[in-house]
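Starting off, we have a lone chain in the form predicted alone, written out as structure tokens.
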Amino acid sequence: MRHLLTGFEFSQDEYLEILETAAAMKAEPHKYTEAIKGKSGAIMFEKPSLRTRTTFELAFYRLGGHGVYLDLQNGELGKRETIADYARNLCRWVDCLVGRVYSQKTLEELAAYGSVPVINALSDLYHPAQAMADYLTVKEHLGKLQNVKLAYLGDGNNVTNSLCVAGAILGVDVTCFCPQGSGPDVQIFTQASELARQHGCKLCVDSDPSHVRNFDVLYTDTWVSMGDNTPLESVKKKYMPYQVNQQLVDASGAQIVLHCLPAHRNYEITDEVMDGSKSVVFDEAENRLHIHMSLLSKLI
């Protein structure tokens, strides 16, 4: 039994297999309509979602399975009954647990006490399936991943962490352009950097956005993570130098621009770039479905 809790669980070959399977499912979906026939999963969300909920439900359906959505936004897991008991109950009925949660510890506890695969659909530290969809999109548009240079701009968050983890394993050079003190998680970055060395690439952190030159891919995310009620206007001064605008895109040499969405237009990314010829954000959003299908078929 395998879990996807952090993204560190899989080798480079396994990552590539997941991406290749997702691409095949995207190209010929009719071949996989019974891949998990008769199987089911609990889709547990403590946070609101458009893309993640929709694509996981459809992924189960398209593969011949069934996903049961459990809305937990009125209370975190572990409040009404222990997470251990929650896991023990659900695992009597379903073949997989998908969790979009506030705390990484919640997923780890579900995995520790459950008896079925657990998939991280977002936590405070990681968003591994998102990163897989991101790199599938990069491979589609650039034709490769090895030695691709990706620049992430903005707040170091769960998406940043997962871009570093998956990038290190896939051989992508990832540079995180973040204000000082707002970079990726130090422990995750250190662990991922060791993997990057093994796979012939490198990870960097830089606080100077004027260094965004000679990159293949630009990536940004919201400046305020979901669940944080900090007004965007209050952090605008801090993050505006990292805005992905047309001037930055032109100077960077990037071929494509990504954003995991939802986007706060004209904050972290301008309308001109979001709707421009180099934007692949909606291809990226679509690929969440195909990656989720691939993950479910592999783990279940």
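Start at 1 with the first residue shown and count on from there. Every value quoted in this text rests on a predicted model; they were computed, and no experiment measured them.
As for the form predicted in complex with a small molecule, it is not shown, yet the points below apply to it.
Enquirer: I need the one stretch from 58-66, 267-275, 247-255, 45-53 whose residues put non-hydrogen atoms within 4.5 angstroms of the small molecule in the model of the complex.
Expert: Stretch 45-53 is the one.
Enquirer: Since exactly one of Thr220, Asn161, Asn120, Gln130 fits, which has a heavy atom within 4.5 Å of the small molecule in the model of the complex?
Expert: The residue in contact is Gln130.
Enquirer: Using a 4.5 Å heavy atom cut-off, which residue among Val235, Ala35, Leu70, Leu261 comes into contact with the small molecule in the model of the complex?
Expert: In short, Leu261.
Enquirer: May I ask you to check whether Lys139 falls inside a 4.5 Å heavy atom distance of the small molecule in the model of the complex?
Expert: Contact check for Lys139: no, nothing within 4.5 Å of the small molecule in the model of the complex.
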